[in-house]
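Only one chain is given next, in structure tokens, and it is the form predicted alone.
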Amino acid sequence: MNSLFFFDSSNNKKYFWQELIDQIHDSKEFNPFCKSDDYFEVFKQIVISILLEEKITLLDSDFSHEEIFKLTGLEDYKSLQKGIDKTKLKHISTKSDLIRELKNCSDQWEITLYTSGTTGLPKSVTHKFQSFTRYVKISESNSNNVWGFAYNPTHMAGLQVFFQALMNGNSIIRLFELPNDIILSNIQEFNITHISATPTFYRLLDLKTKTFPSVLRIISGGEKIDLNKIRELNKAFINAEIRNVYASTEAGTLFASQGDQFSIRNELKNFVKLVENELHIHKSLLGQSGFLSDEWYASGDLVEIINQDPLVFKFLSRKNEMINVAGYKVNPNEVEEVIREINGVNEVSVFAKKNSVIGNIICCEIVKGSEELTEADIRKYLQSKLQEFKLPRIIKFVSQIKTTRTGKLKRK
């Protein structure tokens, strides 16, 4: 039977595995730079590059011409089209043939992607096939999985989901950047079994009165997740194991836990260290990049140590997200977690605004689920929960929270 490869409800298109194979054979040219807002096209170009043993660079679909020039030095990357050697594809006629050839991927194949660019111009990181398949579990028990795709397809997290699904011949259902009702209906209609997404993605879903028994695993990563959200996910995804992972564009997935506390596996203990509570990762675990010049990479992630030996910690915040208020450091995640405890708050984003007297003031935007909730209610609750310097000076109600191109909270 010709099984489903990918469904994109943004254009209501279904692509089957045989269609993927046929389009690969019909392709006449290949460009080592891929920029498209069509998820299937991105997936197809990645597969073609592997089969042809050609290096590929993924560009975000919203990169401007100026950004691409700054990143690549190319005035016209589209002119780099080259013909395809069809002899490298002649052994592929079925889904099994395709997966077999992918497993024999050349050590020379490389894929370059860019960091999210939330703090300046994105930086390139190059990975080999092994980087993405390091934690891919290929087995008969995984052959019937259906993956909810809740990431940008040109970034590390999305690519890791793609390769996990690809190598097991699974179906992929797009969930990223879709309305809440479409996401929930897709989970039910396609009996999605696995979802990997940011905590922001899960927080923006209305899960209060719904359950999804088909889902067997929920993976959260890319941001700090709080225990209240984990408990809410357990209620909605009643048959699912909840996993919290740490991953980055530079290193891929490194740690996983079933709560908010991470422990270092024995095989990684000599490749991870903490310097002033900031996580540092040894360069041997990283992809290739021009901005990694030291033996150790400072990740920018601040952690709280729970136990020294063995090392157990939980993530607090990104270092560059900490807000300086009159000499005090404020963790926006901490403030957000307290605000989310208030009945009627659906989602919140806390950020800084420059102030000539105290350096910064705390601001927040809130999506409320109850018209009865007022700014006075929020201030009254927070005064009993937070120190004075952590209290938001500006509270604004909004219809939706802005997110980055990788699906995380966008802090202004």
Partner chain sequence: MNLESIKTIINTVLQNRGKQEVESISESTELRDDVGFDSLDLAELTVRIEAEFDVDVFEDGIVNTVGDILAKLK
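Rigid core (definition): largest C-alpha set, two forms, superposition within 1.5 Å. A quick note: this is a predicted structure, and the numbers were derived from the prediction, not measured. Residue numbers count along the first chain shown, from 1.
Another form, the form predicted together with the partner chain, is not on view; read the next lines as being about it.
Here the marked residues P179, L205 and I358 all reach the partner chain in the model of the complex, each with a heavy atom within 4.5 angstroms. Distance criterion of 4.5 Å from any heavy atom to the partner chain in the model of the complex singles out R379 from the list R379, K55, K28, H65.
Comment: 380-388 is the region of 366-374, 45-53, 29-37, 380-388 lying near the partner chain in the model of the complex, near meaning a non-hydrogen atom within 4.5 Å. Contact between K402 and the partner chain in the model of the complex is not found at the 4.5 Å heavy atom cutoff. Contact check for K13: every heavy atom lies farther than 4.5 Å from the partner chain in the model of the complex.
With a 4.5 Å cutoff on heavy atoms, I264 does not count as touching the partner chain in the model of the complex; it lies far away. With a 4.5 Å cutoff on heavy atoms, V325 counts as touching the partner chain in the model of the complex. Taking the rigid core as fixed, one finds a CA shift for D22 smaller than 2 Å between this form and the one not shown.
Core-superposed comparison between this form and the one not shown: the CA of N31 stays below a 2 Å shift. Superposition on the rigid core between this form and the one not shown places the CA atom of K13 less than 2 Å from its counterpart. If you compare C-alpha positions, C364 and R203 are 3 angstroms or more farther apart in the model of the complex than in the form on display. Between R203 and R393, the C-alpha separation shrinks by 3 Å or more in the model of the complex, relative to the conformation displayed.
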